[in-house]
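The chain that follows stands alone, in the form predicted on its own, written as structure tokens.
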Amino acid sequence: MSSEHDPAVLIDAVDEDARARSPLGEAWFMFRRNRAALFGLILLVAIFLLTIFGPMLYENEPFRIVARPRTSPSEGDLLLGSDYLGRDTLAGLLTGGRVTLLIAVFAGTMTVLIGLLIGGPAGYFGGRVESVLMRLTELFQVPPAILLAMLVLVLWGPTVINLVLAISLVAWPQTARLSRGEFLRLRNVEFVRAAKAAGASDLRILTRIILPNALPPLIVNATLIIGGAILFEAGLSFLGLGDPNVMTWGLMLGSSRPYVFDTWWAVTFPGLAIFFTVLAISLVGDGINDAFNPKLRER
């Protein structure tokens, strides 16, 4: 068989063609070369599918008592056993995973939006605007993050919405500083100067010209924030500051904490779910960072 009909040659030709056509095609090519990132993506997709469709296929209520308390995975009909009250551990994992991921995604989105609204104008305008906005950022960095989040939940109540707000309030300063650096770097490049000379407004330059070019590091930062939000939610729920009426992985850990030696599976399985989810997000974030890094593309 000639080389021009060889599948491997054809695939390489398609990859090279995609890389020549668009930066996104080149980034996807680099991402696929990273086996750890590809494994993280597959794992993350599998976790999302389980949390989205799992509760539809496995319809046990997470708060419903369905078995004898502390039923081990090797006893009865429950695949992962029950907790200290007799609630189905698998149902809690599937339903709680959906809520945990939603909290993390919404918290990550709000964090990036707040960081952009503060850091973007600070880096673009500079001067007094930068001074005021960066002092505001430093003000939120002074208190320990966990104490500030706990204060928000104690004052406003431990609801899911307040949990998202608490995580966003303690996480946005890092994104604001990153946004400031990117906008500061890009405000003096040639295409931005050309846009100013053509009479483009500051709003158009910020949103249509600088922001798209500043997105790659912000996307990487957003993946790290989502992973951190999962850990933060677990920590707050572990301390009893999560919403007691909504099942999450953190609530499963916190409620079963006193019985960890007698009911180890009720703590181990949600702990493993958190571990593998954060690991998958971190691997994907590293892969995106490598894919958008121009120095690595030259290798």
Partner chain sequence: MTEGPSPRAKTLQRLGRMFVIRLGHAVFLLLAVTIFTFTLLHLAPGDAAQVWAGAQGGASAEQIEQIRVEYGLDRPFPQQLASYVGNAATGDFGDSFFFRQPVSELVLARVWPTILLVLTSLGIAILGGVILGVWTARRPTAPSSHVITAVALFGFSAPIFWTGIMLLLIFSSWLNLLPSHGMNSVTVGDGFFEQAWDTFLHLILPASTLGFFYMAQYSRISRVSMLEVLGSDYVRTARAKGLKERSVIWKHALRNAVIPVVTIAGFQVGALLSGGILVETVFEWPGMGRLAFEAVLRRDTPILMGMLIISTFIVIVANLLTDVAYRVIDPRIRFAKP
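Residue numbers count along the first chain shown, from 1. Please read these numbers as outputs of a predicted model, since none were measured by experiment.
The same protein also has a form predicted together with its partner chain, omitted here; what follows describes it.
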With its partner chain left out here, work out from 134-142, 212-220, 187-195, 106-114 which stretch has heavy atoms within 4.5 Å of it in the predicted bound form. 134-142
Can any non-hydrogen atom of F238 be found within 4.5 angstroms of its partner chain in the predicted bound form? yes
Using a 4.5 Å heavy atom cut-off, state whether A37 contacts its partner chain in the predicted bound form. no
Using a 4.5 angstroms cut-off on non-hydrogen atoms, would P158 count as touching its partner chain in the predicted bound form? yes
Does at least one non-hydrogen atom of A291 fall within 4.5 angstroms of its partner chain in the predicted bound form? no
Contact residue in the predicted bound form, from L102, A200, I146, V129 (heavy atom within 4.5 Å of its partner chain): I146
Checked 190-215 against its partner chain in the predicted bound form; residues with a heavy atom within 4.5 Å, sequence order, are none
